[in-house]
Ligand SMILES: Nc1ncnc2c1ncn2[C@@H]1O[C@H](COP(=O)(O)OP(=O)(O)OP(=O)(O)O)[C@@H](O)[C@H]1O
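Next up: just one chain, as structure tokens, the form predicted alone.
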């Protein structure tokens, strides 16, 4: 479907100075058009998220003008922005883990029947919404039991359920696998084709080049310019972002393989329903080696990591770290052997 090019959101000379004197945004200009994916790139701390939180009514600007479809607006709260058709998916998800997917999507706007929440209608509406946008997700699943990629889909459906026509995605691929990222991009292209306008915040330049129609570069709170998605190379974008030439290639140094530091023999793990999650899994890792474990999501990678780190002891088989069987070791003892874990979900698992 073709749409006439028209401005749906204009930011003019946006400035934000915090009480401590820090200038987060310094005269930023940006124009978002109808049916456009517009990327905002910049280093961490460049002012990208601050700018979008101003648009979404979470932060009050010090100065500047916001025009929505040609009309000057001011949002004193996210509720006011949502009422005007702006939805934001934050970098850190704002979901209630103990509630279902459907309840999270319609939280605060639940359909009612005889004064009570109509659970069946909520589930039906969620299914219809997910089917409309080709999202594969179980409306009745608890949020705490779904993957990070599925949680992001819940966040997107949540803003769509509230009538958003402008979507702001703050670092949406930061916690996604490459497969999940490509799936998200397919969905964003579908949104664009049906008339949605999308602001995509990222510092992954290959993804920015892949998905964006326009790219605005921000450095130290200032707009350096807006470019067509194909106008600049990744190297040129990175140079603009940091203000100097960035070396993007490195020579690999051949490292001699050392002794075995991790040895796994016949690892077996079943879930509460008797389904095998790991079945006679074997692995050996030498010092000085980077070993990749690949597989479609849900095929046991997360379970393997939890067993190695001592977070799950319900396995059979043997896990040796530096020739020590870790079955009876505590998490702190495993950590003392030199094991560190950077989890998939940094906000849920990483803070434990």
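Everything numeric in this text was worked out from a predicted model, so none of it was measured. Residue numbers count along the first chain shown, from 1.
Missing here is the form predicted in complex with this ligand; even so, the following discussion is about that form.
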*Within 4.5 Å of this ligand in the predicted complex, all of 90, 141 and 155 (non-hydrogen atom)*: no
*asked:* Within 4.5 Å, heavy atoms only, which of 171, 263, 180, 150 is in contact with this ligand in the predicted complex?
replied: 171
_Given the stretches 304 to 312, 282 to 290, 65 to 73, 39 to 47, which is the single one in contact with this ligand in the predicted complex, using a heavy atom cutoff of 4.5 Å?_
39 to 47
*residue 332 near this ligand in the predicted complex, any heavy atom under 4.5 Å?*
no
*Do residue 22 and this ligand come within 4.5 Å of each other in the predicted complex, heavy atoms counted?*
yes
*Quick one: is residue 203 in contact with this ligand in the predicted complex, heavy atoms, 4.5 Å cut-off?*
yes
